[in-house]
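First, one chain by itself in C-alpha cells, the form predicted alone.
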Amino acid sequence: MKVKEVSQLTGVSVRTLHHYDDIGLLTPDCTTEAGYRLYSDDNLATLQQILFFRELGFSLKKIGELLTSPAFSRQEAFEMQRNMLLEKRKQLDSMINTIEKTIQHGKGELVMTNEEKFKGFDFGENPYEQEARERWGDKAVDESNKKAAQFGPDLEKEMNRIYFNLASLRHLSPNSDEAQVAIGQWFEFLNKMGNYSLEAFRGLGEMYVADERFTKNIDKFGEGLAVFMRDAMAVYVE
C-alpha cells in the first residue's frame, strides 16, 4: 500500500507516517524507483502496535526502544497492551458511572454523598496503604503520598512504562546488562516516591513473589514478571 492509502485506512496523517519513517520507527519494506513508500502487511501490524502504545501514553522514543529490543515479542506486547487497556477501561467505567449518578443527582432523582461524587478520580489509590503504614509508619507513607500527588497521572504512566519494559526483557537472564539497566530505572523511580535503601529494595522484590496480591498485579504485564523482578533486584543490590 502507498502512504496515502495507509493514511486513508488508518486515519494517521501522511505527515505523521513520513515522520515515523524519518526517525526509523516505521520504515516501509519497499520504496519504488519513483520514491513512493510501499507498506507491507507486516508494516501495518507494526503501525497498529505503535498506535496502541501511543494510546497508553508511551513516547515515540520509548516505543522505538521497545520495538528494537532483541527480547521484543509482538504477540506478548499485544497481550500486555490488552491488560493495560482493560485497567484503563475499568477506571473509565467508574468515572462514567459517577457522572451518570451526578446527572441524576442534579435532577433530584437520587442523593450522592461527597465521596461518591469523586469516585474514579483517584489515580493514586493504593490497596496496600494500610499494610504499608503498619510496616513503615504513617510518616513514610504520608511523604510517599505527597510525592505521588505532585506527579499526578504521569506517575502511573511512567510506572506502566517501566513495567512494560521489564516484561519485554523477562526472558533474559536477570543479571544481563539489559535487565540491570531496566531494574535500575525501577530503583530510581521508587526513590522518587520514597527513600529505599538497597536492602529495602531487595526486600520489596522478595515481597513481589511472597505476596500473591503483588504477584497477580505485576504478572498482568507478563507471566513470570514478578519472579524476574525479584531476581533482577537481588542482582542489582549485589
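Since this is a predicted model, take the numbers as computed values, not measurements. One-based numbering along the sequence shown. Each form is matched to the other, and the largest set of C-alpha atoms that superpose within 1.5 Å is called the rigid core.
Beyond the structure shown, there is the form predicted in complex with another copy of the chain, which is absent from this document and is the topic of what follows.
Asker: Indicate whether Asn175 is a 4.5 Å heavy atom neighbour of another copy of the chain in the predicted complex.
Answerer: Residue-level check for Asn175: no, no contact with another copy of the chain.
Asker: Should Phe52 be classed as touching another copy of the chain in the predicted complex when contacts are defined as heavy atoms within 4.5 Å?
Answerer: Residue-level check for Phe52: yes, a contact with another copy of the chain.
Asker: Indicate whether Ile96 is a 4.5 Å heavy atom neighbour of another copy of the chain in the predicted complex.
Answerer: Output for Ile96 is yes: heavy atoms within 4.5 Å of another copy of the chain.
Asker: Can you tell me whether Cys30 touches another copy of the chain? I mean in the predicted complex, with a 4.5 angstroms heavy atom cut-off.
Answerer: Heavy-atom contact with another copy of the chain at 4.5 Å: absent for Cys30.
Asker: Would you kindly say which of Leu38, Leu60, Leu44, Val181 lies with a heavy atom within 4.5 Å of another copy of the chain in the predicted complex?
Answerer: Contact residue from the list: Leu44.
Asker: In the predicted complex, which residues of 81-116 put a heavy atom within 4.5 Å of another copy of the chain?
Answerer: Heavy-atom contacts within 4.5 Å come from Gln81, Arg82, Leu85, Leu86, Lys88, Arg89, Leu92, Asp93, Met95, Ile96, Thr98, Ile99, Glu100, Thr102, Ile103, Gly106, Lys107, Asn114, Glu115.
Asker: Please say whether, between this form and the one not shown, the C-alpha of Asp93 moves by 2 Å or more once the core is aligned.
Answerer: After core superposition, the displacement of the Asp93 C-alpha between this form and the one not shown reaches the 2 Å mark, so yes.
Asker: Given a superposition on the rigid core, I'd like a yes or no on whether Gln104 shifts its C-alpha by 2 Å or more between this form and the one not shown.
Answerer: Indeed, Gln104 is displaced by 2 Å or more.
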